[in-house]
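First, one chain by itself in structure tokens, the form predicted alone.
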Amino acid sequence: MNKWGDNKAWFLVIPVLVFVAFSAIIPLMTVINYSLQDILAPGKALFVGTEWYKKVLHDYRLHDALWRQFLFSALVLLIEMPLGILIALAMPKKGWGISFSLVTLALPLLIPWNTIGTIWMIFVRPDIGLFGAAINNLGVAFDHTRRPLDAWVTVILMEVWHWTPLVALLAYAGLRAIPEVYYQAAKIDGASSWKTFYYIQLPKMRGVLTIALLLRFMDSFLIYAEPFVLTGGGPGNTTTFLSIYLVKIAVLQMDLGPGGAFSLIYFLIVLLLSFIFYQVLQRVGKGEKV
């Protein structure tokens, strides 16, 4: 086949590029435009350069929201990753239990994010909620709308319940891809369950666990709908994460300039941290020094 024939496949990519341009690049350029201007009135704007970026970077409320976001993502990952692996290891290897387990695990992933927040808002209500009322009836004061610790516990439990199945499904797929010959060799060598997991299963799951970690980090760092519905960022600002604070600036206060600058800074933080995560995981997987 000639060179022209080999390049015909690139025409299939054009619709994707057009779609990406309209859905990502053009909105991004709009945000950049807002971040460099002061919108005085409809159709009237003043170029201010990096003024909004300086204002946002010196905003102590942004710093607080950033540290809350880091803490939330770290706690969620520390719980979801080991728990997802344990669930995958406990899942059946054959029979009807496989289908039942997969369908059961997938159910939380099918529920819309705002619905998740509504479900948990009712579930943990201290007066009528199944969980909240039960805890209070046991003599333990629990109110996620007034007590910051209770709000944090509720948001973390909600996130773990919602997204641990994703980690479990990916880990289970990695386990199923391991050839049986590895287990037979481990059995012949008399390897314990722990050694089998550490030297065979965990290394073979490195690829899927890398994907799971990156997906969960990005999603937890961008979380908005669930905590907004559940707590509205409260009590006070204790669960006001970066996304909620961004919406307050850009939508509620209509500060489009600072909102645009904040959006780009937020985007760069997620992009940079995801890149660092990926590079570190790749080096660890190859046995290199980080």
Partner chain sequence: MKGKKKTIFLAIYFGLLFLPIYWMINMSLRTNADILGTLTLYPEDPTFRNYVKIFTDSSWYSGYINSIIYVTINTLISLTVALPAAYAFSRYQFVGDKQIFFWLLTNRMAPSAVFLIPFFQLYSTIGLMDTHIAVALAHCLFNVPLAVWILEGFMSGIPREIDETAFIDGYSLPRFFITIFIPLIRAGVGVTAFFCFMFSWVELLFARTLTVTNAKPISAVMTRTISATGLDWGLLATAGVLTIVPGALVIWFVRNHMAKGFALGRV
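Positions refer to the first chain, counted from 1. Since we're looking at a predicted model, the values are computed, not measured. For the two forms, the rigid core is made up of the largest set of C-alpha atoms that agree within 1.5 Å on superposition.
Beyond the structure shown, there is the form predicted in complex with the partner chain, which is absent from this document and is the topic of what follows.
Within this chain, Ser263 lines the site of the partner chain in the predicted bound form, having a heavy atom no more than 4.5 Å away. Heavy atoms of Tyr183 never reach within 4.5 Å of the partner chain in the predicted bound form, leaving it off the interface.
Remark: Ala45 does not count among the residues lining the partner chain in the predicted bound form, judged by a heavy atom distance of 4.5 Å or less.
For the chain shown alone, Leu214 is a contact residue for the partner chain in the predicted bound form, at least one non-hydrogen atom being within 4.5 angstroms.
Across the options 183-191, 141-149, 71-79, 110-118, residues that bring heavy atoms within 4.5 Å of the partner chain in the predicted bound form belong to 110-118.
Residues of 224-258 placing a heavy atom within 4.5 Å of the partner chain in the predicted bound form, in sequence order: Tyr224, Leu246, Val247, Ala250, Val251, Met254, Leu256. Fitting the two forms on the rigid core leaves the C-alpha of Ile276 displaced by under 2 angstroms between this form and the one not shown.
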